[in-house]
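Below, in structure tokens: the form predicted alone, a single chain.
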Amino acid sequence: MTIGKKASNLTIGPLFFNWSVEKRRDFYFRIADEADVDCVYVGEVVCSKRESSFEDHLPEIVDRLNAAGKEVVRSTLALVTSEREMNAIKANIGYEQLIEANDVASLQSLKGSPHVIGPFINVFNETTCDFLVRNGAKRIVLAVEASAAAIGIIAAKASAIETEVMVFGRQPLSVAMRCYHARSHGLTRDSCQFVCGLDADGLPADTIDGQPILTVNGTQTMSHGYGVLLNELGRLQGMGVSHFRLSPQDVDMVRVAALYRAVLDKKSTAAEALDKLKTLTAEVPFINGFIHGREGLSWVEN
């Protein structure tokens, strides 16, 4: 397993949406062959019911990504609710891939094994960071709600742990036991018929006066806007952040990766990249409020 190839690593986070097997497989193949990224996270995070349909394809995808020189991390569920789900996580410990833990329920099993702390485990201070390092964590993906001040505190411990910040995509806000996606179709989680697969980029949720504010994805609640931290990349690099995460959306992620890589490598300005990014994301608004200590859905000019 590879830890930290370069000072600024570009990563593809786990796919949150329930794409078809063919679309998901082709997505990862294209990322392997065409995307200038250093690390790719694979595995189901949102709903364990989705896992079985794609599990058989993961070995081929991992091989393709490895052959392309990309580090692979196996992401795990954000909400572990059964012994079967916990045993599935344990079964992956010790393999070539690092595991991304997204539920504190998995930390005891991962103790002593190198692993990644995902964004669903809140880390906002040094004490929490120190505990996780002692437990075996090698990288922390900070929660999207983290402000620049909180990120700076964790990133300052660069000698002990790598830090990763999500810089593109709908922001994951929560995961629940109940499935809002199923409920919107008059179904329950147990009889959901996988209706989340009907919305490749999530199901919009509006306020009572018709303004889009959130996105529903199965049991997950996400932001409506795409979190876009292009203007903030230089500051994050200066803080010592080592990994920059692009969360897969139903857009051309290879081109998105190229824009972020150019800014990280100082071959493009953030303003130039923002203009080009807007041509890829249709009418979805950009947001960056959390990192500036503001409400998440706001956009702060830098």
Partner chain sequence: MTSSYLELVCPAGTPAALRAAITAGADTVYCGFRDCTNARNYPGLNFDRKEMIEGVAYAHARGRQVLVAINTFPRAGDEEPWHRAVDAAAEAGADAVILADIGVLDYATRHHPKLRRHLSVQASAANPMSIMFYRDNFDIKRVVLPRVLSIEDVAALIEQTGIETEVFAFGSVGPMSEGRCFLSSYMTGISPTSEGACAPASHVVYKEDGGCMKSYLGNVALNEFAKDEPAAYPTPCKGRYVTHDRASYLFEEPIGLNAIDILPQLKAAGVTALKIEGRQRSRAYVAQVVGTFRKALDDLAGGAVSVAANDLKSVAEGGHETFGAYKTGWR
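Numbering follows the first chain given and starts at 1. Quantities reported herein were computed from a predicted structural model and do not represent experimental measurements.
Just so it is clear, the following notes concern the form predicted in complex with its partner chain, a form of the same protein that is not shown.
Q: The chain here is shown without its partner chain. Which stretch in 228 to 236, 97 to 105, 67 to 75, 160 to 168 comes within 4.5 angstroms of it in the predicted complex, by heavy atom distance?
A: Stretch 97 to 105 is the one.
Q: Even though its partner chain is not shown here, does Gly202 get within 4.5 Å of it in the predicted complex, heavy atoms only?
A: Contact check for Gly202: no, nothing within 4.5 Å of its partner chain in the predicted complex.
Q: Please determine whether Ile287 contacts its partner chain in the predicted complex, using a 4.5 Å cut-off between heavy atoms.
A: Close contact exists here: in the predicted complex, Ile287 approaches its partner chain to within 4.5 Å, heavy atoms only.
Q: Do Arg294 and its partner chain come within 4.5 Å of each other in the predicted complex, heavy atoms counted?
A: Output for Arg294 is yes: heavy atoms within 4.5 Å of its partner chain.
Q: Is there any non-hydrogen atom of Phe194 lying within 4.5 Å of its partner chain in the predicted complex?
A: No.
Q: Could you pull out the residues of 73 to 91 that have any heavy atom within 4.5 Å of its partner chain in the predicted complex?
A: Residues within 4.5 Å: Ala78, Leu79, Val80, Thr81, Ser82, Glu83, Glu85, Met86, Ile89, Lys90.
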